[in-house]
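Same chain, two versions here, written out as structure tokens and called structure 1 and structure 2.
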Structure 1
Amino acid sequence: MTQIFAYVPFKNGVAEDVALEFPGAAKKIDAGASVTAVVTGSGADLDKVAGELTKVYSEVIKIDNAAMAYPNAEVVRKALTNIIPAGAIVLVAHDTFGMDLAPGLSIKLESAYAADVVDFEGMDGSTLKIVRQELGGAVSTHVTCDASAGAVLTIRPGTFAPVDGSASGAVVDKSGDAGDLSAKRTFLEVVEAEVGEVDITKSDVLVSIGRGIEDEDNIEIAQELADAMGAVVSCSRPIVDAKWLEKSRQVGTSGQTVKPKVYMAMGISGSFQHMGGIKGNPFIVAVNKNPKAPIFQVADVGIVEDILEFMPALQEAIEAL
């Protein structure tokens, strides 16, 4: 049976959504695998998260140390190296922290490494079959990975179905096994992103625009649709780079993280940097002229159409109701 460990990130006492997706990813690797969650940090928030994770995992390893009060990949890497057994598979979220943590962890564990995994085709002996995406999601690649000595894999958030919290696991405190957690890095401060006149992180419905909007003057079309829907206009990075909307409206790993109930992706290709900013499994409607746009792979409804024609038509239909 394959041993699989999932490193679960959290913030302010709440585990990231990917915590519910790791077990689904693990089952696609090996249906009979045991999955153990690992959380690191310090204090009451760590205890709270570890307790909540017992509803999802049969075992939750907790490492409590003041050196990990703020996530530091250098320190976490040392701790995980000391508690994860040889030959195990480790799942890490493919986000900015995970991309810092995972490569070095694979070296320390002397195991294989694969990044930005979006699917698995199972294990054949010690060979793990992986699906990744290249060129901003335009191409899917099928990769074989020798996992005989284990593997560290970064999982793209939002690509595996979340599980329900019906487990009744136990917390195992391995703080004493973490070893020396001294580090050359020193945490200084958290600089929160500026919030503009509209806070897109609080909206239940977002009308998000990308390159397909074509011209700054056309943003008014998106705003009129948003007004009709009771929504807020957000955007992808090219719109901010063009200085058509402020940075506080940007969704993505280099912008804001949002958790709407409905996400209208208008003229957005759907790169993983953009999709990495969308949490909570919203209902995604994607409209794009390119039928091969990566956004269609994650959308609940995909429409191949020019957004400059689609948005006024949708607005008119909504107002008619």
Structure 2
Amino acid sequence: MTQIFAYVPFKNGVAEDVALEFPGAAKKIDAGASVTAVVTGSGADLDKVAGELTKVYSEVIKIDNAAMAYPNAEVVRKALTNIIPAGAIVLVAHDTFGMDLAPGLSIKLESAYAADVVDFEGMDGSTLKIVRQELGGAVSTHVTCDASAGAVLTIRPGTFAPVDGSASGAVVDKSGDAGDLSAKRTFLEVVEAEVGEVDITKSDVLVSIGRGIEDEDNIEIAQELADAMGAVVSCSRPIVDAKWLEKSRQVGTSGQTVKPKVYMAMGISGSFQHMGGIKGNPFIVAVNKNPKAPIFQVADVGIVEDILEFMPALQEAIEAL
């Protein structure tokens, strides 16, 4: 029987949503697999999350150590390396912590590694069939993973259907097995993102621009359309990287989470890190000059046009209403 361990991230005693998605992913690997949750941390928060997880998992391993009060990937990796048995499959979220932890964990466990898995198509012997995406979502690919010596797999948050918590599992305390947790990297503090002049999270309509805007001077074109619509201008990450707009305007996993009624994606390709910041199922309009842009797979309405010509045309028509 395949042994699967799911490393569950949490904040303030509450598990991240992906905790409910791991069991679904595990089922797609092997319907008969036993799935154990693993949580690391310290004190009351850890106990709280471990207790909650017994509603979802039949076994929850907790590793309590003050060195993991803040999740330092190097420390967590050491603890997991001492606790996960050889040959197991380990599921980790493909988020900023998972990206920090998982590649090195696979080396220390001497197992295979596949990142950002969006689907599993079962297991043939010890060969796993995995679906991934490349090139910012422009193409998908099937890969095989030789899991005969185990595997560490990061799964994309939000892609596997969540399960209902109907288990009544038990917490197993393995704090004593964590071993030496000294590290060459020390956590200092979290610096919160700056609050900007404009709060894009409050707007019902967003005109959001991506790299397709091509030039800083063209941002005015989007601003004029937004003004005509009574909307606010938001953007994808490259616009902030180029310092054309402030960070607080960025939509995505490393920016703001927005819940507008209407989201106008102008020259945005639709990477999962961008789309991950759009919640509440808004009406998404995508304008992109590439008919194969991945955004057209997730938008409600798609338009193949040059945004630099389309936005002024739309603005004019709206102003004439």
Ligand SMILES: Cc1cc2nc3c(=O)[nH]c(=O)nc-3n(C[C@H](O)[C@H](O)[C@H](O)COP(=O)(O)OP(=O)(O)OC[C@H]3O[C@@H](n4cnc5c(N)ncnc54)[C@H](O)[C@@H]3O)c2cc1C
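When a residue number appears, read it as a position in the sequence of structure 1, where counting begins at 1. Just so it is clear, the model here is predicted, and its values are computed rather than measured. Basically, rigid core = biggest C-alpha set you can superpose within 1.5 Å across the two forms.
Inset, instruction - Go through 1 and 2 and tell me the one that is the form predicted on its own. - result: That would be structure 1.
Inset, instruction - Spell out whether the Cα of residue 285 moves at least 2 Å between structures 1 and 2 when the two forms are superposed on their rigid core. - result: Where the cores coincide, residue 285 still shows a C-alpha shift between structures 1 and 2 that is 2 Å or more.
Inset, instruction - State yes or no: after fitting on the rigid core, is the Cα displacement of residue 104 between structures 1 and 2 at least 2 Å? - result: Superposed on the core, residue 104 moves its C-alpha less than 2 Å between structures 1 and 2.
Inset, instruction - Classify residue 258 as shifted (yes) or not shifted (no) between structures 1 and 2, where shifted means its C-alpha moves by 2 Å or more with the rigid core superposed. - result: After core superposition, the displacement of the residue 258 C-alpha between structures 1 and 2 reaches the 2 Å mark, so yes.
Legend entry - Angstrom displacement of the CA atom of residue 202 between structures 1 and 2, core fixed: In the core superposition between structures 1 and 2, the C-alpha of residue 202 moves 8.5 Å.
Legend entry - Core-aligned CA shift between structures 1 and 2 for residue 270 (Å): Shift of residue 270 at C-alpha, rigid core superposed: 2.9 Å.
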